[in-house]
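Presented as structure tokens, the chain that follows is alone, the form predicted alone.
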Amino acid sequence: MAERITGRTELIGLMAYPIRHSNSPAMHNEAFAYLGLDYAYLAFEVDNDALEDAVRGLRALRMVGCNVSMPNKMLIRQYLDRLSPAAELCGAVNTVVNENGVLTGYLTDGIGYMRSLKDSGVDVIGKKITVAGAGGAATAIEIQAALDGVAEISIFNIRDEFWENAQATVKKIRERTNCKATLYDLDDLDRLKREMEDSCLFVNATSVGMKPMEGQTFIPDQSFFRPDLIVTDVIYSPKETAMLQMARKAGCRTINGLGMMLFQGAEAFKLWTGKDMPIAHMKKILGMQEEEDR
């Protein structure tokens, strides 16, 4: 890294809390080095209280842009100048691009998730899926899946501050796509089990399973998983959450969040640099190639 930093090195950041566990800095910096690009990517622990000041800093330092993760994906919209159609539709941002002081918010999570499924040989088009979550990443997945042609989505969330967002997501999907969407309370475990039983894929798009909730899962027991159900998690640290462990023991094929992180990152990488991320190389660096070969 020291050999790459120059007086012309451009800075890109990641604003989230907590974020020290993130693989994004290693991924992007490796891609910059591999392609010989004079950029550096750093992680900054920024929560909602510090977000406005952090965005001001992004402008003042003339950073190329940044990624945004929990808990900032929705709040950051009010500090930006423009939103991409996907970011506006989903009400969340995970990538910011600074063009001569004009900050544009994009959302690459949904595209990244769907690309990761395709890369894993999973086809959900025309089928039913069940998704837990209503935050930024969950909304992106739900809307992108509907736009791409998933036939039906059962969405589960607790009745927290994101419940109204989930209701709005269902309304958008029903009005703007050909997908059927229904919202259920995640506390209704009997309903969750029934919806999972006739879905081809289940997605945990909540933060349950990552720090500080590592080792936790809202799935009560192994009976919720049948062997032909594909189970995915947006979490990639740890690589196997408690939910994925349970699903694997039930005979399910499981997919963690590394693929989504890689492909959403590739979309952001292209927005910042105009270059394609070297996917095959990055899979080796992230240890994904070894998992695919097993």
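Quick note: we count residues from 1 along the sequence shown, nothing fancier. Predicted model, so just to flag it, every value in this text is computed and none were measured. C-alpha atoms forming the largest set that superposes within 1.5 Å between two forms make up the rigid core.
Below, we refer to the form predicted together with a small molecule, which is not included among the displayed structures.
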* **Contact label in the predicted complex: Ser207 to the small molecule, heavy atom within 4.5 Å** => yes
* Examine Tyr236 and determine whether its closest non-hydrogen atom to the small molecule in the predicted complex is within 4.5 angstroms. => yes
* Asked: For Tyr79, is any heavy atom within 4.5 Å of the small molecule in the predicted complex, or not?
  -> no
* Asked: Does the small molecule get within 4.5 angstroms of any non-hydrogen atom of Phe162 in the predicted complex?
  -> yes
* **Every residue of Ala137, Met213 and Met260 near the small molecule in the predicted complex, heavy atom within 4.5 Å** => yes
* To do: Select from the listed residues Leu147, Ile158, Val170, Val97 the one whose heavy atoms reach within 4.5 Å of the small molecule in the predicted complex.
  => Ile158
* To do: Would you kindly say which of Leu186, Ala181, Val124, Met196 lies with a heavy atom within 4.5 Å of the small molecule in the predicted complex?
  => Leu186
* Asked: Which of 38 to 46, 58 to 66, 252 to 260, 25 to 33 has heavy atoms within 4.5 Å of the small molecule in the predicted complex?
  -> 252 to 260
* Asked: So with the core overlaid, does the Cα of Asn94 end up 2 Å or more away between the shown form and the other one?
  -> yes
* Core-aligned C-alpha movement of His21 between the shown form and the other one, 2 Å or more -> yes
